[in-house]
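Coming up is one lone chain in structure tokens, specifically the form predicted alone.
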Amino acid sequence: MESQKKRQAAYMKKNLLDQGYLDEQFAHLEELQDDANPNFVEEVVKSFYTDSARFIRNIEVALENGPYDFTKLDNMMYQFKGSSSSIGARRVKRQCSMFQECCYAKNIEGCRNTFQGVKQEYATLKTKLETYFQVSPSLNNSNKHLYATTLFVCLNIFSKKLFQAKLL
């Protein structure tokens, strides 16, 4: 069962990378995850979700009424793009760059249209990552269980050897 979940998680991650939803930055984040912080990647991604909701709302407000401050729009999208890059959200980052190009051209309709693309890619990635993390935490929990079991067995063996040494 555990190996099946590992294979499923690996397959899902490979698809996310192959389909361009994620890039190598996500794999680097996973390399930073260890027993001391087994939910590191999920916590970073949840922080990304929180930041993204704020960025999206701020950009929506800025796009509602003129006059349009393209420098401000570009700066907000630059922050969103940086946040997206930090987790390896490749498609979101690409859409952010397209939005910025429209800002440079002072094309408000282009900004609105590409912003819809940003939101769509973000929503799709969020759904896919939530599914991925539904599989992955069980891997962390099973690893914790395996670690605890191994520790218990080792301590038990050590205790018996210590007890035997005292008898001799």
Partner chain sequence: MGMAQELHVLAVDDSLVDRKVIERLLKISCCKVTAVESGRRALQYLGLDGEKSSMGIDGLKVNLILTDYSMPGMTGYELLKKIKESSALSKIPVVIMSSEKILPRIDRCLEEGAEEFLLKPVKLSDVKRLRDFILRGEGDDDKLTDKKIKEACSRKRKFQDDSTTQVTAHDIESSPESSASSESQQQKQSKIG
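Numbering follows the first chain given and starts at 1. Everything numeric in this text was worked out from a predicted model, so none of it was measured.
What comes next is about the form predicted together with the partner chain, which is not displayed.
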Q) Does the partner chain come within 4.5 Å of a heavy atom in each of 27, 68 and 107 in the predicted bound form? A) no
Q. Any of the heavy atoms of residue 76 lying within 4.5 Å of the partner chain in the predicted bound form?
A. no
Q: Answer yes if any heavy atom of residue 44 is within 4.5 Å of a heavy atom of the partner chain in the predicted bound form; otherwise answer no.
A: yes
Q. Is residue 37 close enough to touch the partner chain in the predicted bound form, meaning at least one heavy atom pair within 4.5 Å?
A. yes
Q) Is there a heavy atom of residue 123 lying 4.5 Å or less from a heavy atom of the partner chain in the predicted bound form? A) no
Q) Which of these stretches, 58-66, 44-52, 109-117, 128-136, has heavy atoms within 4.5 Å of the partner chain in the predicted bound form? A) 44-52
